[in-house]
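As structure tokens, the next two blocks hold two forms of the same chain, structure 1 and structure 2.
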Structure 1
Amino acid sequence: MKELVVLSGKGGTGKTSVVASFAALAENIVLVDCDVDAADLHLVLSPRIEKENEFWSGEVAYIDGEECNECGLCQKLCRFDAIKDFKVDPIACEGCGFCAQICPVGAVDMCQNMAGHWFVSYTKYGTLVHARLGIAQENSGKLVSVVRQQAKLIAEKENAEHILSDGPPGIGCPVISSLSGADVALVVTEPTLSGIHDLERVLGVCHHFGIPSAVCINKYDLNEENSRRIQDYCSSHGIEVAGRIPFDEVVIKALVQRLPVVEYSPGCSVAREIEKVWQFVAR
């Protein structure tokens, strides 16, 4: 079993469209949406939710106004400026529990925090594990670990050949959670200055964690000079460019129909290139 994570650094490079097409091309896979902040994969895969689970994570401080004598110690010590006028702002609270430890009259309670939901769903391409982090919640990294772990269990049970994971944008905590211990990362980038900048940063993260990576340039013909720069960068760092997808409205049209490109328009140049990339990374 091989776990493939698709990343992008910068958002909007077409990562999820590529993943959806991979899903249609692959046989015997389990899918994971690790972009728990703004999960989108389900929009193209039309899943039927089979199992819904609550995600409890962390704690939030709560001050009991009856017991509090307004000494102000907690306010002074909280490093996250989460307490004002003897009330806790649950959004700012990091749940460190410092205030509960030091309150002289024991007026602070730490309450469990329901931080979101995760789902196991049926799709015609394979089982999908996805999640929805509550608004303004922290710990997206932990939720990513939960969905990945579930996907692994399911993949073992189903004897799946691949776990295909739609990774989160950025390079921070959720990306690291989606990457650690994966077999290969594919970075979908675009030939824009910001695309290149973020590509370098996200490849840095892959390198940092020792994950072999490959690159796919989406909309490469939007700026062929930048595309060449990406290729040069990759070859000088020993990273394979697995494919170059042309700029084509068919991608958005497929999206609006909520279909993977390879199904919406099989054989078109975009679909053929995505197939090539899939052959490369699935090896």
Structure 2
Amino acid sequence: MKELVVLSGKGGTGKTSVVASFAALAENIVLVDCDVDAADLHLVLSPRIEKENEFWSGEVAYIDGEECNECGLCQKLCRFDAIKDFKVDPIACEGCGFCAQICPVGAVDMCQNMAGHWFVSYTKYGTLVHARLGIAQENSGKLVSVVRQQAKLIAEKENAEHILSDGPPGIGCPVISSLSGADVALVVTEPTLSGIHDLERVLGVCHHFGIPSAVCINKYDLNEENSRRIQDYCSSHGIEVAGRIPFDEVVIKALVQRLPVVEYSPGCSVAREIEKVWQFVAR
């Protein structure tokens, strides 16, 4: 079994569109959406949810109205302004537990927090494990670990050849959780100054954790000078460029129809280049 994680240094580079096309091209795979803060792979793959699970993480304060003597101390000292009229706003509460420590009558309890849900779904391309983090919730790195673990268990059960992960953008905790133990990373970038800057950062993370990586330049023909800069950077650091995908509005049309571009228009230049990239990373 080989685990491929598709990353991007910044959002909007086309990472999810590439992953969706990989799903249509591959066989015997398990899919996992590790971008739990803003999951959108399901928008293209149209999954049917078969299993839903709660994700509990962190704590939130709760004030027992019968025990509270309304002294106002917790409301006065809460630095997050999460307590008003002797009630806790669960979205504003950071779960620090200070109010529970200073309450003179012990009316404040720290309760486990239900931070989101994770799902096991059926798609025509294979099983998809994905998640939805609650509003203003944290610990997304922990949730990424949960969905990856479930995807590995399913892949072992189904004897899958590949686990294909749609990773989060950036270089933060969710990215580290997505990379840990993976076999290879494909970084999708675009020929812009911000794209180049963030590409260098995410490749640095891959190098730090010893994950072999390759680069795919999406919409390369929008600025061919910057595309050459990306290729020169990769060449100087021993990183292979897996492919260069041209800009084409057919990608937008495919997304509107909720289809991977290789399925919507299999003969177009974008689809042909994505096929080459998949053959490169799947070898």
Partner chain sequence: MILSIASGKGGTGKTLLATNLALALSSKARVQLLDCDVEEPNDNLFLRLPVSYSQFVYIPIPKVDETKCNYCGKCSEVCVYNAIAVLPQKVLVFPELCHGCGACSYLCPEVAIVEEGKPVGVVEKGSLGNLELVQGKLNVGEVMAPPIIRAVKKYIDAKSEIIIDVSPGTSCPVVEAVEGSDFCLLVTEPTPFGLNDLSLAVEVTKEIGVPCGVVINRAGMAEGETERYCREHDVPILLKIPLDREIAVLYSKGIPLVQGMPQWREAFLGLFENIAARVGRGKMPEGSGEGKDRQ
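Residue indices: 1-based, along structure 1. The term rigid core refers to the most C-alpha atoms you can superpose between the two forms while keeping them within 1.5 Å. The structure presented is a predicted model; accordingly, all values stated were derived computationally and were not measured.
For this session: Determine, for this pair of isolated chain forms, which one is the form predicted on its own.
Result: Structure 2, not 1.
For this session: Would you kindly give the rotation angle of the smaller rigid part between structure 1 and structure 2, in degrees?
Result: Domain rotation angle comes out at 26 degrees.
For this session: Determine, in Å, the CA shift of residue 61 between structure 1 and structure 2 after the rigid core is used for superposition.
Result: Core-aligned C-alpha shift comes out at 3.3 Å.
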